[in-house]
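Read the single chain below, which is given as structure tokens and is the form predicted on its own.
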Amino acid sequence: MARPHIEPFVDRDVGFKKLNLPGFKKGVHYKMLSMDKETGACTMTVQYDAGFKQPPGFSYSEVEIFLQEGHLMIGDKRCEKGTYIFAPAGTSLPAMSTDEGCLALVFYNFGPPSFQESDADHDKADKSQKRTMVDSYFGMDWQVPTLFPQTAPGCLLKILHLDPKTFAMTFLYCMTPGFWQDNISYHDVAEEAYHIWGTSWMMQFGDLPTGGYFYRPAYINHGCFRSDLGILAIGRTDGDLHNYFHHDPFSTPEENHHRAAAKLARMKPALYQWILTNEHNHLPHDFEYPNDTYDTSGYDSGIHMHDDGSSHSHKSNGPHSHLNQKKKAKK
């Protein structure tokens, strides 16, 4: 998810646009929340008009859908608000329709929005994960986060999807009324979130109301936090979420990156030493996932990200190791 820092953004402040892409049927309108301009991967608020119909088909990108309002028929299943759908790249979904219309969040993770009419999967569909559909509001229980270090009491999670290789995840989270956390945090991964309901406050960025959204690259400071009346939100990360807590609101992303590297050196010195000497080693072979490829050409770690959200990368000519996560069914 190599996208610029967007925070805060409120989708209620902008209008819908018609989605006029090949393959998509009439009656789809969108608000772009964030986009990777190199791959086309994006997050959108999507309005399906009353009477919208779409035949069975698949996306060339991994896609996630979360219903906020209204209903959507997927095959013979009536999906109400709170329904979450995950479809791996190239995996066919049944016909979709809505009589009254519905509002959704739609995430295309590794490529631009696409739709290919088909009642069968693409022959190169991603088989490493399964298509899922879950009622997140009434079919799942809230959990105290097992992320470590933990957030302050009063923040609860429902994990909707967890990538078994990268631990990237999609989750509902809530802050209970009066929630308060008095430290600063950052992560090794990019994260994004959308407020389904309620307002929270963050020291650097102010209030984020219903319809509020952020896309935050790795190592960006955020916090302190609070919510007077509580919130319900959906969040996503592109990797394993670790909370680095500290009390320096003026540290830069580069300083935070160095601090995270120092933590790795303390906790996993053998791995850290191997990373330092990687230019003298062959590229790693993954015995657990032997078909995966590792390549960092063009990978931007975010270490040269500026406080205003802009970034640039200094690329090395030497070999490195990084999981290539661009899972797309080839056209």
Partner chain sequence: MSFGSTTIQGNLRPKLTKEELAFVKQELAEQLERYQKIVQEQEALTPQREKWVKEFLHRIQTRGYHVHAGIKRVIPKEEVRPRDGRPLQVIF
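Not measured: the values here are computed from a predicted model. Residue numbers count along the first chain shown, from 1.
The form predicted in complex with its partner chain exists for this protein as well; it is not shown, and the discussion that follows is about that form.
**Asked** Heavy atoms within 4.5 Å of its partner chain in the model of the complex: which of the stretches 132-140, 70-78, 93-101, 148-156 has them?
**Response** Selected range: 148-156.
**Prompt:** So which of Gly212, Gly198, Pro253, Gly82 gets a non-hydrogen atom within 4.5 Å of its partner chain in the model of the complex?
**Reply:** Contact with its partner chain in the model of the complex is made by Pro253 alone.
**Request:** Select from the listed residues Ala125, Leu229, Leu232, Ala260 the one whose heavy atoms reach within 4.5 Å of its partner chain in the model of the complex.
**Result:** Of the listed residues, the single hit is Ala125.
**Message:** Just checking whether Asp182 would be counted as a contact of its partner chain in the model of the complex - the rule being heavy atoms within 4.5 angstroms.
**Reply:** Answer yes; at least one heavy atom of Asp182 falls within 4.5 Å of its partner chain in the model of the complex.
**Message:** Can you tell me whether Asp119 touches its partner chain? I mean in the model of the complex, with a 4.5 angstroms heavy atom cut-off.
**Reply:** Result no; Asp119 lies far from its partner chain in the model of the complex.
**Message:** Is Tyr173 near its partner chain? Define near as a heavy atom within 4.5 Å, in the model of the complex.
**Reply:** No - in the model of the complex, heavy atoms of Tyr173 and its partner chain never come within 4.5 Å of each other.
**Prompt:** Ser34: heavy atom within 4.5 Å of its partner chain in the model of the complex?
**Reply:** Ser34 belongs to the contact set for its partner chain.
**Stretch 52-69: residues contacting its partner chain in the model of the complex, 4.5 Å heavy atom cut-off** = Residues within 4.5 Å: Tyr60, Ser61, Glu62.
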